[in-house]
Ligand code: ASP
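Read the single chain below, which is given as structure tokens and is the form predicted alone.
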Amino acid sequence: MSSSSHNDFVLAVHGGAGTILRNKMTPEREAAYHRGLRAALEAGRSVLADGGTALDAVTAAVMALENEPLFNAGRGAVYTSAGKQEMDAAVMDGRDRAAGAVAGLCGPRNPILAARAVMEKSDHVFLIGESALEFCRAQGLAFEDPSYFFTEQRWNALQETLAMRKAGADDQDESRKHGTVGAVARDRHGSLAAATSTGGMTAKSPGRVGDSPVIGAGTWADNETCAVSGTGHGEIFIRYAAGHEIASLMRYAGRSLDEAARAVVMDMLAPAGGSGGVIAVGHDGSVALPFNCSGMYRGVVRGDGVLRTAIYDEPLIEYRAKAQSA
């Protein structure tokens, strides 16, 4: 690896697979999604440009996505069939495979900070439910009332989904089935990290946990191979250990990041009904963003500061902030 690439950094983010159908997407809404993705990229980029760690960068990027109601995490989390919000999140440090995860929470403003607190302030990897909330309060995490997390769009989506179920209709809208946010990064020191956060599936059974907080499924990071954050049909991602499988293909079969990620998303998950995608960063700074559905809100930024984002099956759109173009 050349010294120039070793000193470079890279950050990739996603705002979920299963996008709004293209024929239902308005120009204003599309622009808003791109702005949300760019805000997350900029939050992480500023950390990496200052020489910060991949772990801090993915945390900052996911917090920005959790704070944006357009995405299904934090403030924009979807509702369970019982009309409650249950949020899951995980973070993993590629340096030593340290990891933290939470599931079934509503209260902490940023669930990703709850996951990170579990990693850094407890002897455990995974905390759930009321006990996790008690732990978060003890750590001094910022909490919000349910009204903070309410969005009319998510509430209406729940009512529509419940009505369709009652009528026996099949819901073909991927954007209701799986939405997640995530970030993966390689810092200037060559270290990797991954973070994922989600509200889960609209009208999911209370207590259901998807792949996002499951280490090795929706979240994985190891400096020797790659960092992965998944978004899609969580049950399938768990059963196929999606994130870990990509790393294993690199480690044991000598596949490149792109080959490994595409093999898992296209050849393993898709035939099993695992609609979705992943964002992944390799130990060498390579990036892979494969998905097998209508689209995936995604973006990448490197040391050049150019923010690149896309939604559907299209080239990444470049955006250079005025302050960076000087």
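Don't overthink the numbering: it's just position in the shown sequence, from 1. Computed from a prediction, not measured in an experiment: that's the story for all the values here.
Keep in mind that the form predicted together with the named molecule is not shown, yet the notes after this line are about it.
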Exactly one listed stretch (115-123, 241-249, 157-165, 227-235) reaches within 4.5 angstroms of the named molecule in the model of the complex by non-hydrogen atoms, and it is 227-235
| request: Considering only heavy atoms, tell me if R208 and the named molecule come within 4.5 Å of each other in the model of the complex. | output: yes
Check your understanding: Would M201 count as a contact of the named molecule in the model of the complex, using a 4.5 angstroms cut-off between non-hydrogen atoms?
Key -> yes
query: Should G179 be classed as touching the named molecule in the model of the complex when contacts are defined as heavy atoms within 4.5 Å?
result: yes
